[in-house]
Ligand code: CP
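Only one chain comes next, encoded as structure tokens, the form predicted on its own.
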Amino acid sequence: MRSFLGRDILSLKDFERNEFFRVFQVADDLKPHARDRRNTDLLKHKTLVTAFYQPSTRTRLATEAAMLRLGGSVLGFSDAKMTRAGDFYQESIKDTVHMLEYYGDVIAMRHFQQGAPHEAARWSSVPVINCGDGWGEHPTQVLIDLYTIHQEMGRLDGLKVLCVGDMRMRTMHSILYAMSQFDMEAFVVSPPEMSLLPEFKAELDALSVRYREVAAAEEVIGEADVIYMEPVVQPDYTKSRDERAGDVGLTPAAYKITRQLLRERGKSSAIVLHSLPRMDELTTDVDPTRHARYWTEAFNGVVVRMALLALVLGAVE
């Protein structure tokens, strides 16, 4: 297995099967610190730089919380308008990263431009972690999702995953790439205008990912072990910020998961994941049911990011 020391975490396309399980193992070892709300000193001499050019609640704060739980320090920005990249000068990623690499030991970047973290990694002398790039990928979120599935179901192989939402989303890209390393099957449900792009399908086919496009969630929910959700009412992820203007519309029934649908058609053992935020695609009456795992998923967001930081900074091998 390749070492994680000094490694950029940019995509799950190049993750090998045993590397997923190594991240899970380290997460298991570090989980008590997050569960018991106590810090360790594994990274007490290290600093995380957060470069968030797009709004974020969970990803930024969970990444920062992970570093603090490990005893490290955090600095950074959470809005491109707070930087020279977002004002009159429009500073390039190259120039910005050449500065940021002197301020810390690892850079966590979210950007509205697809491929921006990859560009940052070209110029950075410290590891870069992709925390979401436009419509590209979101590898840390999907590592969290897979860890949650593995913890809850006891396995990844042999599971059927119902993916509901906008298939242009970076989480959908990352989870489908990751499935190439496991014996998993995906049911893909999205509006036609948000369906898998032909070039992405070609990649999935080349990676031997098993997936089937379906018109509505209710058609296959009875076969699904895991229901993986994103909204179909979406902002424009190619913008640094997308302000709401008037009515944004409601989610059609074909792309909604409700308590009634789960009760009448879902497997009794099925779990529901959603990286959040949500709108009306996942109704709040699902929250108290045995199916809901999105709050567990949120907790695991700190745990898995602790594991990644510990690995890329060499606190564990």
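None of these values were measured; they are calculated from a predicted model. So that there is no doubt, residue numbering starts at 1 and follows the sequence shown.
As for the form predicted in complex with phosphoric acid mono(formamide)ester (CP), it is not shown, yet the points below apply to it.
Participant: Using a 4.5 angstroms cut-off on non-hydrogen atoms, would residue 55 count as touching phosphoric acid mono(formamide)ester (CP) in the predicted complex?
Facilitator: It does: once phosphoric acid mono(formamide)ester (CP) is placed as it appears in the predicted complex, residue 55 has a heavy atom within 4.5 Å of it.
Participant: With the partner left out here, check for me: in the predicted complex, does some heavy atom of residue 277 sit within 4.5 Å of phosphoric acid mono(formamide)ester (CP)?
Facilitator: Yes - in the predicted complex, heavy atoms of residue 277 and phosphoric acid mono(formamide)ester (CP) come within 4.5 Å of each other.
Participant: Any chance residue 141 has a heavy atom within 4.5 Å of phosphoric acid mono(formamide)ester (CP) in the predicted complex?
Facilitator: Result yes; residue 141 sits at the interface with phosphoric acid mono(formamide)ester (CP) in the predicted complex.
Participant: Should residue 111 be classed as touching phosphoric acid mono(formamide)ester (CP) in the predicted complex when contacts are defined as heavy atoms within 4.5 Å?
Facilitator: No, residue 111 stays farther than 4.5 Å from phosphoric acid mono(formamide)ester (CP) in the predicted complex.
Participant: Okay, which stretch from 252-260, 56-64, 38-46, 285-293 lines phosphoric acid mono(formamide)ester (CP) in the predicted complex, with non-hydrogen atoms inside 4.5 Å?
Facilitator: Among the candidates, contact is made by 56-64.
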